[in-house]
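Take a look at this single chain in structure tokens; it is the form predicted alone.
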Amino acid sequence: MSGGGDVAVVGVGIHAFGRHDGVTGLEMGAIAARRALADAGITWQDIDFAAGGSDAAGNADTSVSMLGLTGVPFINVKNGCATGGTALTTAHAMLVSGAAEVALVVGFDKHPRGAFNPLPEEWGIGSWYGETGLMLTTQFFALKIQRYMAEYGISDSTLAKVASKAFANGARNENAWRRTPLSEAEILGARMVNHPLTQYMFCSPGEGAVALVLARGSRVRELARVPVYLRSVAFRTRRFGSFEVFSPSIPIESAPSATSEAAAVAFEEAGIGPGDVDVAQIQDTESGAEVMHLAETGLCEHGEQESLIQSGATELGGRLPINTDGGCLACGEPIGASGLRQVHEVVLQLRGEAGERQVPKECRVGFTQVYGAPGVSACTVLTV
């Protein structure tokens, strides 16, 4: 994927995350799309191309029945938690190629209550994997962070601080699901799910939608109040040897993660380094994920997270604010929307329009990273 210096996000729209009885996922997606179109000052008829996805709430392209039957090319995407990032990658490629001038990306979901319940057969694994209990993602996340904590000296307190920060930020976000602040002690003292991760260190499947309008070239200048340029989008899958969710075995020799490779490519194509990032959104399916992804993306060194998080550097007023909208922990995870929620938040921060949770320093460079099963990652670099 080549860099797209003249591609910009010119409109953003969101449907609040949480539980919304009586509203379908497709309806949430259409609401977010209309809000993004209004933010860009255009109508659905102005869109040349669309891409979108959902894991459990229907085919995104059928939203044209609500938005309008204009004949627009519309690609459906389904790629685990990286669905939104994949849809964004698709639209970005169409714009960079010149096949479209204005594109809409939408992601939404409406998951049933309770934990995710994936079938191993749908992920290329034998039924034995589920029958032995290994399909429970809480176990994978716990095992991965256990090993990481032992290797790099990460404390339980740091895991709790990640969650406490998320809920503090979520309390300032009118579109977040979990808006009650929780202390580090409350999080550590909550019910243990899979050691060392307690109940409030995990995100929950939820409902919600996000849409973005992208434009290129002269259309950017015509549409954007404050253009936020999408300097790069990079998407990668796992290599043999990386430790990923739904892996039925672990090789002796380790390999870089999909996130490490996607982030490196995103920064290289943008011509911007991790040290230049002012604000970032990192996949935090659980507290340990945010800790590990901070280093995998190059935003810090492995092991540095302990001092970084303990010092408050990743909080709103810190040197490197992370997940300023509350992340997956506070917002919940409607799978199709998560990756786009990250970009939505960075756009607001770079515009200076994030309200109560606005980072109190000038933000010119933003970064996002989304990770999904069975080992896929999409990263973006955005600038004003």
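The numbering used is simple: start at 1 and walk along the sequence shown. What you are looking at is a predicted structure, and each value in this text was computed from that prediction instead of being measured.
The same protein has a further form, the form predicted together with another copy of the chain, not shown here; the description that follows concerns it.
K.L.:
Using a 4.5 Å cut on heavy atoms, which of Gly189, Gly153, Gly275, Pro73 is close to another copy of the chain in the model of the complex?
P.N.:
When another copy of the chain is considered in the model of the complex, the option within 4.5 Å is Pro73.
K.L.:
Work out which of Cys363, Val376, Val10, Ile14 lies within 4.5 Å of another copy of the chain in the model of the complex, going by heavy atoms.
P.N.:
Partner contact (heavy atom, 4.5 Å) among the options: Val376.
K.L.:
Pick the stretch from 335-343, 354-362, 54-62, 315-323 whose residues have a heavy atom within 4.5 Å of another copy of the chain in the model of the complex.
P.N.:
Residues of 54-62 come within 4.5 Å of the partner.
K.L.:
I'd like to know whether Thr297 contacts another copy of the chain in the model of the complex, with contact meaning heavy atoms within 4.5 angstroms.
P.N.:
Outside the cut-off, so no.
K.L.:
For Lys78, is any heavy atom within 4.5 Å of another copy of the chain in the model of the complex, or not?
P.N.:
Lys78: contacts another copy of the chain in the model of the complex.
K.L.:
Check whether Phe267 has any heavy atom within 4.5 Å of a heavy atom of another copy of the chain in the model of the complex, and answer yes or no.
P.N.:
Heavy-atom contact with another copy of the chain at 4.5 Å: absent for Phe267.
K.L.:
Ser183 near another copy of the chain in the model of the complex, any heavy atom under 4.5 Å?
P.N.:
Answer no; every heavy atom of Ser183 is more than 4.5 Å from another copy of the chain in the model of the complex.
K.L.:
Can you list, in sequence order, the residues from 219-255 that come within 4.5 Å of another copy of the chain in the model of the complex, counting heavy atoms only?
P.N.:
Sequence-ordered list: Phe235, Arg236, Thr237, Arg238, Arg239, Phe240.
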